[in-house]
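Shown below, as structure tokens, is a lone chain in the form predicted alone; questions about how it binds or moves come after it.
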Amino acid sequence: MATEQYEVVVVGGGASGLTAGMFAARRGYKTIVISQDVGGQAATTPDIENYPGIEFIDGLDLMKKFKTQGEKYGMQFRFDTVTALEPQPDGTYIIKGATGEVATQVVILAFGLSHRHLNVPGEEKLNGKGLLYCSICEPHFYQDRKVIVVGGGSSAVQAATTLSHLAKDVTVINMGEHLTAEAITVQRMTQRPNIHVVVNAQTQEVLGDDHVTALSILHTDTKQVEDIPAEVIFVEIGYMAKAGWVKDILETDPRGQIKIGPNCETSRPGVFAAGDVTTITFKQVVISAGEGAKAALEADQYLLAKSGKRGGRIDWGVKKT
């Protein structure tokens, strides 16, 4: 079967990828977004209150709107796991996935981040047996149970607040002295009577045989070890880039993030990157969306220059009167 040809292939279906796909499609390019899911990390956020123009929305609902809007302009979408990016002698690229491959002139990498792990004894053994990384999945896991949330950032604080409505009690374990989440989310969390916060605590071991029973922590100020009973432990310590499959052809930093320039360009012509997988400082939905738009617009300039055209394609129309 012949390899299907595209002008723009976007890898990743989160805020940056869907925005990039929409902007590329609006410019008239044959565009496809390839992703394992719709929405990425943003889709797992139940309460988004800081997206301009939208006071409150569920993350998955917002990402579905992104996808629908992109498809309105001709963006295609395919569920697949991309496994390889292969440069071709003519300057184009082959994108290989689990279900097939496509060829393209431009690649926009926007595949987001993966959960960070604690890297302590017992974590691997008890993964899925009371130790989880998705605090909004399967509420029956924490209904009327003693829950621990490890982390002090926005995702951890928001998770603790959400969990407290169903869990018996929630203990937040934070390595530092202060929580780093937005002040308003911390304030909401502290108003919940069944949430307790432990600071200056370093995780030592996840305890249990066939299921989680406790989390062993070291109080870094007193050097005392304490085992905190728990039936469920949620790890919310952030995310990391898993860009190993492109590290041999693109420049990445020590954290595995793809290095980009001011306009989302990577170290290889025709390959752009956007959103959380890149070296941008802040990881927010609105920022990722903006980066996706930048990547698509820069891809447009690249394709115009490659074809020898001087003018840009406009993405708006003039109403005749």
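Only a predicted model underlies this, so the values are computations on that prediction, with no experimental measurement involved. Residue numbers run from 1 along the displayed sequence. If you superpose the two forms and keep the largest set of C-alpha atoms that fall within 1.5 Å, you have the rigid core.
One more form of this protein should be noted, the form predicted in complex with a small molecule, which is absent from this view; the next part is about it.
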Task: Whether N119, N174 and Q257 all lie within 4.5 angstroms of the small molecule in the model of the complex by heavy atom - done: no
- [ ] Tell me the stretch among 213-221, 191-199, 74-82, 100-108 that has any heavy atom within 4.5 angstroms of the small molecule in the model of the complex.
- [x] 74-82
TODO: Answer yes if any heavy atom of G70 is within 4.5 Å of a heavy atom of the small molecule in the model of the complex; otherwise answer no.
DONE: no
Open item on the list: Can you tell me whether S35 touches the small molecule? I mean in the model of the complex, with a 4.5 angstroms heavy atom cut-off.
Closed with: yes
- [ ] Indicate whether the small molecule has at least one heavy atom within 4.5 Å of a heavy atom of D47 in the model of the complex.
- [x] yes
- [ ] Would you check, heavy atoms only and a 4.5 Å threshold, whether K283 touches the small molecule in the model of the complex?
- [x] yes
- [ ] For A160, decide whether the Cα shift between the shown form and the other one is 2 Å or greater, given a superposition on the rigid core.
- [x] yes
Task: Core-aligned C-alpha movement of L113 between the shown form and the other one reaching 2 Å - done: no
